[in-house]
Structures are given as structure tokens and as C-alpha cells.
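The chain below stands alone and is given as C-alpha cells, in the form predicted on its own.
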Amino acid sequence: MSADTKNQDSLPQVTTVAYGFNGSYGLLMAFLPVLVYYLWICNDYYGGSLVVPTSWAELREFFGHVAAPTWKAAAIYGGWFGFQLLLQVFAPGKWVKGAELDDGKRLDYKMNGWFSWWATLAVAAGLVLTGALPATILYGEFAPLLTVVNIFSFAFSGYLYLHGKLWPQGEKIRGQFFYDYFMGTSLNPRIGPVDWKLFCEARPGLILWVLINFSIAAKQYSMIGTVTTPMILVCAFQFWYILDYYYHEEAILSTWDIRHERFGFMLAWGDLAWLPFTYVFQAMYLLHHPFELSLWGVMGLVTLNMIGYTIFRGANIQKHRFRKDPERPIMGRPAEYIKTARGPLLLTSGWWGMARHINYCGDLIMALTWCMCTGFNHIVPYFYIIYFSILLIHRERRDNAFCAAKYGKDWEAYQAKVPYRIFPYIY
């Protein structure tokens, strides 16, 4: 994309405003880990129903399921995180330039996720097949692992906070501890060849999510002698989602997180603790509620997931290719876009002519499909679609506020051209 630097003084200035959260950073850091424990206990011990303890004894019994960290869990996660870090550094992969940042820089990133994904699965399969580790180990150690990862995430976020303080990269630091710790003090904290934000978003949590699913499926097989069709569908849908992510790994470099979000507790804890330990709730629910689906049910869920995937992947790859080559045709026709006074181009054709975040539409359809695999009897396995809807709507609002401040009248013209936010003709 070209950058027009003329008349910069007349352009709207973008300030370091924290869009959203309303200053509740400390409260969120205290509440979110407790929420994960609460939902997990409801799902694994109370059949997927939301339980409200009404006495001190009931409260103690409920949270008595929380496990203290163990050396075994610490060794598992330490080995896991270290193994993924070694792959990031030493596994083969091409180096590519990231998207242009607000200061005009383009950082170098090593794209070796595809190799690391398959290497990890091969090692995991080898450990299970040789009897070195039981297939059910991640489910069996879920409780102490959750505690270990929470502790590690808070400590790692402290490191990220100090990293930005000691080695500033030009970002303005607000100077308020909870805000800086939560939102981050650096946009792209790095040590040697490792970009911490890309690594945490693309490695430990995502692959661990899939492996915990497989461990839960193995537990179901050990309990009832089979793996049910709904369990297979959940594991297959989510396996495909991550496989596709690594196949198109380079596309992450043009996402909001990589380009604009600083790397602090919000992203680090979300990547390392929230994602792998809450995204498995559908599989965990199905472990305790085995049932079978009709052929029509299977076909309907597969079709719905494919529709969501087509929108999600089609939109993301379309925007990624447009950013690399704005003259590339979109769906067989010349790309339509608005050239902003700041230089960046705002795509208004193809998928992106339907809604400003049409990719979120596809993502939410897939999320709903995964939840529907569990039936309609309890709320906890539907937590993912509820949370994900709130997250993406909130993120779209933050993105809209950021872009309105950055592009001014050009953004108003863009909104007039593409009036819908996520769902065409609906929202």
C-alpha cells in the first residue's frame, strides 16, 4: 500500500485511548480466572448447569475442586512451552515482512507454524503409541494444569510489563500500573528471533486446545468403549480450524491484534490460559453426556460449519491478498476501495463490500455449530458462542472507534459505502 505523507498536520490525530473496558482492568484480572474455574467446575462436575452455591459449605465444596499447582503439571506445561519455543526458533520456515505499522515500519516474522503443527502432532502421537504418556493425561491433569498456566500467565505478563519499561520501543506508556499491565507496554515485544505476541497467539494455546480435545475423546473411549459422533464432529471441526490457521499462517500478520494491540495481560492470558481451557468445553460436556446424532443432524452441522468456514476463510484471505496487491481482482472483478488521506486503502468489494467485519460473521457461524454439537439441554457448552459474540462485537466497536479517529472523513465515507458491521442486512 502506498503512503501519502502530504498534509499530515491536517489529518485527524490518533491518540493512545483504550477503547472499551472503562478502566476496569484490575477487576477483570481478578474476575476472569475465577470465571474459568467456575465454568469448568459447572461443566465437569455439575453436568453443564450453572450452579449458584447458597451457603458457605456449598461454596467450599464447589471451589474445593480447584487444584493446587503440582510439580507434575508444572513439568508438563514447562516442557510444552519450551518445546513450542524451540520449534519457533529452530523449525524451518520462511521469513516474511509484516503489515506496515502506524510508524511505517514492517517487521520480519518467521512463518514455521505449518511445520511446528505437524511436528507437535507427530511427537504427541509417538509418546502415546509408545506408551510413554497416556492419551488421557491432559484431561487427567486438567485441574492442576489450569492453575499452573494461570500462575505462569500472570508472571509472564509481569515480564512483558517490565520489558516495555526497560526497553521502550517508542510507544507512549500511560504510567498507570493496572492499565499498562493489562493492555501492555509494547506493541511488539521481542527477544532475539522470538516475537512474543506472534508466538503466544500462534503456538502454545492453539495446539494445546486441540490436544486437550483429543485427550477428552480418549477419556470417553476409555469410559464407554467408543467415541460418539458429536465428539468426533467437535474434535474434527476444531482440528480443521487450527489446521487451516497454520496453512494460512501469514494472514495473521494483517490482523488487528498483530498490527494494533499492545501485548500485555489481556492477550497473553487470553492466549495461554483462557483459550485452551475454555474452548474445550464442548468436548468436556460431551464426555459426560454421550449421545448420537441422526444422519440429517450430522449433515446439517457439517453444512453449517462449511458455510461459516467459507465466509471466514474467504474473507480473511481476500483481505490479506488485497493488502499485498491492491490491483489483484476480487471475485473476478477489479477491486473497489477508498484511498484514505493517510494512505491505507479501505476495501469495499467482494466479501468486504457486504460488511465491515464479514470475517466475524463466518467465525460466529462456526462457533455456533460447535456448540450445537452438544444438543440444547445446558448452557455451559454454549458459553463459547455467548462469549465470542460479546468479544467480537466489542472488538468491532473498538476497531470502529480507532479507525474513526485515524481516518476521519474517509472512515465516514467507508461507513456509507459499507453500512453493516458484521451481519449483512442485520447488524
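For every residue, the number given is its place in the sequence shown, counted from 1. Being a predicted model, the structure only gives us computed values, none of them experimental.
Missing here is the form predicted together with a small molecule; even so, the following discussion is about that form.
Checking Ala335, Met266, Leu346, Leu287 against the small molecule in the model of the complex, a heavy atom within 4.5 Å turns up for just one residue: Leu346.
Site annotation in the model of the complex: the residue of Thr147, Thr136, Thr229, Ser254 reaching within 4.5 Å of the small molecule with a heavy atom is Ser254.
Residue contact check for His378: none of its heavy atoms lie within 4.5 Å of the small molecule in the model of the complex. When contacts are judged by a 4.5 Å heavy atom cut-off, Tyr384 counts as touching the small molecule in the model of the complex. Proximity of Phe182 to the small molecule in the model of the complex: non-hydrogen atoms within 4.5 Å are absent; the residue sits far from the partner. When contacts are judged by a 4.5 Å heavy atom cut-off, Tyr25 does not count as touching the small molecule in the model of the complex. The candidate site formed by Tyr279, Asp363 and Trp411 is fully in contact with the small molecule in the model of the complex, as each residue has a non-hydrogen atom within 4.5 angstroms of it. Partner proximity in the model of the complex, defined as non-hydrogen atoms within 4.5 angstroms of the small molecule, places exactly one of 327-335, 313-321, 126-134, 80-88 at the interface: 313-321.
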